[in-house]
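Coming up is one lone chain in structure tokens, specifically the form predicted alone.
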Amino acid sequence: MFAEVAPMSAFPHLRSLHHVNQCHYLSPPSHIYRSITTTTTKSRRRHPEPLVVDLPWVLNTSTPATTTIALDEPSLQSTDPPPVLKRSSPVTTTSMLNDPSLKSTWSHRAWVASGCTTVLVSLAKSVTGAADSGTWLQPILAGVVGYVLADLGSGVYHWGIDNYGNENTPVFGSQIEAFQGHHKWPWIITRRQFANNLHALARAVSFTVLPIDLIFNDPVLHGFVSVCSGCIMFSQQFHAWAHSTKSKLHPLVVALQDAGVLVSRSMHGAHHRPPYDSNYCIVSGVWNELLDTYKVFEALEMILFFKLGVRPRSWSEPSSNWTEETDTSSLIAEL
């Protein structure tokens, strides 16, 4: 059963088609409901037979129409080349993941070994000193204080290099540049090998703790030094875990994050959202709420601005260097 349709004369815009596959160029007016049944006859090589198209387009007319459309009119032939579908290639991501700078070198491993050695020597002196004196409470409390202050120190340092200086800043330039890149590609830290991620802090810990190991034997002092320096050296690993998915982490690490012993993924994730001016601490994050609630870093920024005239980066609109790019490494394996 056919619906009432309009005659072909009602559609002067339909003339001819060069190719059967180009029938999709026939577009009825937008107010017309279209239900098309198309029947074609096989074209001959020299004298192609017409294409017969039944057009039961519903209109308020009384004449059904079966329209014959010529196929030899060149005016509707498309001269545009067919579209070429290209698969996007994450060149930047691929080159980053293959970057040898993410790999650990023997130099990196040596510095991490050196840092761990100085920390363990300090811890051993604290334990043996406490055992000899029979006093454990003070070294343990000193270790707790060292753990808490390591988190505060990581926040202050992180705030400083996020907001001030550039790659040309003496001593800290490479760290500043690295943290700026970290905001654009935060997931890269999870691709760094262990010693590659820790060697810079391990070198600083080695030079700082070694003289203390050689000079002092106080178990309380070493209780503080060993825990504080150890947390600072491994803070970059805690930081990397805060960027990893739960499924890729050891259950013990997840448990420590959930308990607040290590900085959690949700807490540090807030730091990577505009305006990037909160949750700077990356050991346990225990200081983050206090520092952000009382706007401690904002007060320091005001002091530095009025005293030195230096504006922090957090006062400006984030540039493209801070706009996070998505981790497309999961797509690379499919290419």
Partner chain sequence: MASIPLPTAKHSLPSLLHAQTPKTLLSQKLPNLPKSFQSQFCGVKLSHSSNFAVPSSFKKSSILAKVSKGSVAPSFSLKDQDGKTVSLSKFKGKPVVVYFYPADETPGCTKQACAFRDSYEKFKKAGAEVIGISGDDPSSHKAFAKKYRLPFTLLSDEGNKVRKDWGVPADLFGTLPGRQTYVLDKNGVVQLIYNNQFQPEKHIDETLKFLQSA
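Numbering follows the first chain given and starts at 1. Just so we're clear, the structure is a prediction, and the values are computed from it rather than from any experiment.
We do not show the form predicted in complex with the partner chain, though everything after this point is about it.
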message: Taking any heavy atom pair closer than or equal to 4.5 Å as contact, tell me whether Lys295 reaches the partner chain in the predicted bound form.
response: yes
task: Give a yes or no for Arg273: in the predicted bound form, does one of its heavy atoms lie within 4.5 Å of a heavy atom belonging to the partner chain?
output: no
- prompt: Heavy atoms within 4.5 Å of the partner chain in the predicted bound form: does Ile303 have any?
  reply: yes
field: in the predicted bound form, Leu308 touching the partner chain (heavy atom, 4.5 Å)
entry: no
